[in-house]
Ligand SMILES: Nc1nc2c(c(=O)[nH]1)N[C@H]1C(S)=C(S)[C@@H](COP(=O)(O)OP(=O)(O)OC[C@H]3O[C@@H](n4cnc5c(=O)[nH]c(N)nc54)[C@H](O)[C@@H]3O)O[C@H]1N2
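One chain comes next, on its own, written out as structure tokens in the form predicted alone.
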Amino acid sequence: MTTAHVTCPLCEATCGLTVTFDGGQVTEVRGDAEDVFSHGFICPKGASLGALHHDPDRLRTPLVKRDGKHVPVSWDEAFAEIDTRLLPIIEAHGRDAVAVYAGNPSVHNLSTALYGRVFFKALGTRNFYTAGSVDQLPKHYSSGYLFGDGMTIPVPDVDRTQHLLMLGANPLVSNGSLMTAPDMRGRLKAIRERGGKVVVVDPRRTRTAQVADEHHAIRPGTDALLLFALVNVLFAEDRVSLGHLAEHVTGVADVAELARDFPPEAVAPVTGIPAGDIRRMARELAAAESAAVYGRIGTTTQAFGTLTSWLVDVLNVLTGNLDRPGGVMFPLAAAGQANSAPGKRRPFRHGRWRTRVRGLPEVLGEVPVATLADEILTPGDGQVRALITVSGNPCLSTPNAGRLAESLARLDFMVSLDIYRNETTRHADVILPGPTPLERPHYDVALYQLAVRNVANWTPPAMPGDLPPEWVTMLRLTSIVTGQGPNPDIEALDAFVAAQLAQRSGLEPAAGRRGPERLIDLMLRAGPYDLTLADLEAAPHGVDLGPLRPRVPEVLSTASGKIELAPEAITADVPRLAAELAHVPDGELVLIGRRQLSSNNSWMHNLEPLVRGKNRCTVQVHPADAARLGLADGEPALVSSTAGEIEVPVEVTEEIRPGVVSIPHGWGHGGPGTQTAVAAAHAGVNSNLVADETLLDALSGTAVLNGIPVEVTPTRPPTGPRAV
């Protein structure tokens, strides 16, 4: 029996785990009580690492499609197929004829996080898509214009705050998002124990709302109106107090003028939150000893995602709670953080190019995945003819997923890097698997830039693997798209990558290291702490680098060097929001998603420990709506929109506000060509079949997945008493 200490790579919490092995068999996974960040906390996802490692459906050899069927081949055969078929497409139609989609798991994989950049740059396509445009791009956009960089995102200092206002966030289930914070239940409990207050704004009474001091069931998509009303009260009642930020902020007067049109009395009928409650919320926020406003996926995947994300931090600034203990603060990561690099940095901008068909803007080097099907299906110069997916399942996770699935059949060629043959990769001509999390090293480059405490933790491979690491796969793909063939000198190419990074940082690569280890060592040595990879290797439970600390103005990289509170790239969208004041709902239904503790999008549904129990893929409906529409608990209903329709069992519950229905995201498994037996047995339905790909946040192009207009009708007469 042996044990290993690893950092869980399955969500954003970065919990430390202790894994026990009996030979090559994982026998137990438990929380690492000595981890400097998570202190023994574990959730069902982390506990399932053994099930993931031993999953019989996990691919262990490359697959190539021949005569319509996937067959196992050698690695050399797989790369030869890619070289033979991909390079001619590039040569004949240009690099934009190849699109890339990078899914959520690619951020949690050190090899794809580091070497994916190398491959994507070498490929040179402008058709680059990620899960960010169905998740979080509005926050990057707003942070970019406020602070100068899309990754300069302030996070709640939850361990010291006295007042936490959360909108569209359910961290007790998600374990935090754009906020790396293990054991959020314990952290929220600590706020209340020290006399603080937790307030949740969400259309559902989520697990987080249930433990909060206060819950406001807002109408989906109206968070920006609520936030503007809070800003209005601060100015109207002379409660604005910039404090230490005063000399570092521009645009305050502009925000005050914009807020005049959003008094609580005007927004209350639209949001569903009484004007008196809005005024009290603003006063309590301003009066708190320290306070933090935090918004997450419910606020970013809506029609006003960027305005909402912007107003979250406008409130943090106007109450003097940005960049101070107990407010929202900027983490200082040990490695890979652009806003900690010395010297002048280029200010953020977007729209450096636009998509061919719909003219949607680039943000952070990517374009909205809501238009990927358009780019594949529309003939002409620049048409997408080949697709490479990296650890993603866009046929389940993107709007109007049915149309996207149909478009994949029109491609000339498709390659997928994935450990499963799922609803997306079944369309691929070549599938390249990779090792499991226990067989590869890990360091959370991106997530430590969003952590509520500065920490660093290195995970070496816990056990040997028999598959090439993804960084080798990425380098072989890089060699192909640069015309060097499918069989490069990997060591020489890797040394070149390391030399490029070393040159930028003014350092020499450490001898005796290769791959991600060499790159992380360089990044640590170039970082703001006196750390090397050897230091982290000697600390298997992580290194605690201390609480968050003030970083303004050094963290800023705007053109003015200040927090630009009213950038035109954001405020130009305010008139569209103001028009919503005339839209008072009258009997209409809108659809929202929901998180589940044992699920992370679509990619953990083939693990038996995570899908046990009752069917969780239901449409939640308020009793009043169920009675009005003739819906009965447990009976099927048809949910339809302009994009399509799905049949799903009804769950009647008072946990959701009237006028709103909810279906979880990422289900709809199975179908011809897939190889995920557990997921297929718990298939559920794909809510994105009714998500309209034409509904977007106007600024960032992020898909509207919360607040979709729908109709819900029973598909057969109730068999029992109607739920009321």
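Keep in mind that this is a model prediction, so the values were computed, not measured. Throughout, we count residues from 1 along the sequence that is shown.
There is another form of this protein, the form predicted in complex with the named molecule, and it is not shown here; the text below is about that form.
Heavy atoms within 4.5 Å of the named molecule in the model of the complex are found in one stretch of 500 to 508, 578 to 586, 336 to 344, 164 to 172, which is 164 to 172. Comment: the named molecule is not present in this chain, but in the model of the complex one of His70, Lys45, Arg657, His682 has a heavy atom within 4.5 Å of it, namely Lys45. Shown without its partner, this chain lists Lys139, Arg476, His442, Arg595 as candidates; in the model of the complex, only Arg595 has a non-hydrogen atom within 4.5 angstroms of the named molecule.
For Pro264, no non-hydrogen atom is located within 4.5 Å of the named molecule in the model of the complex, even though that partner is not displayed. Contact check for Ser700: every heavy atom lies farther than 4.5 Å from the named molecule in the model of the complex. Taking non-hydrogen atoms only, Ser290 never approaches the named molecule to within 4.5 angstroms in the model of the complex.
Taking the partner from elsewhere, Asp323 is found to have every heavy atom lying beyond 4.5 Å of the named molecule in the model of the complex. Along 367 to 406, residues Ser391, Gly392, Asn393, Pro394, Ser397 each place a heavy atom within 4.5 Å of the named molecule in the model of the complex.
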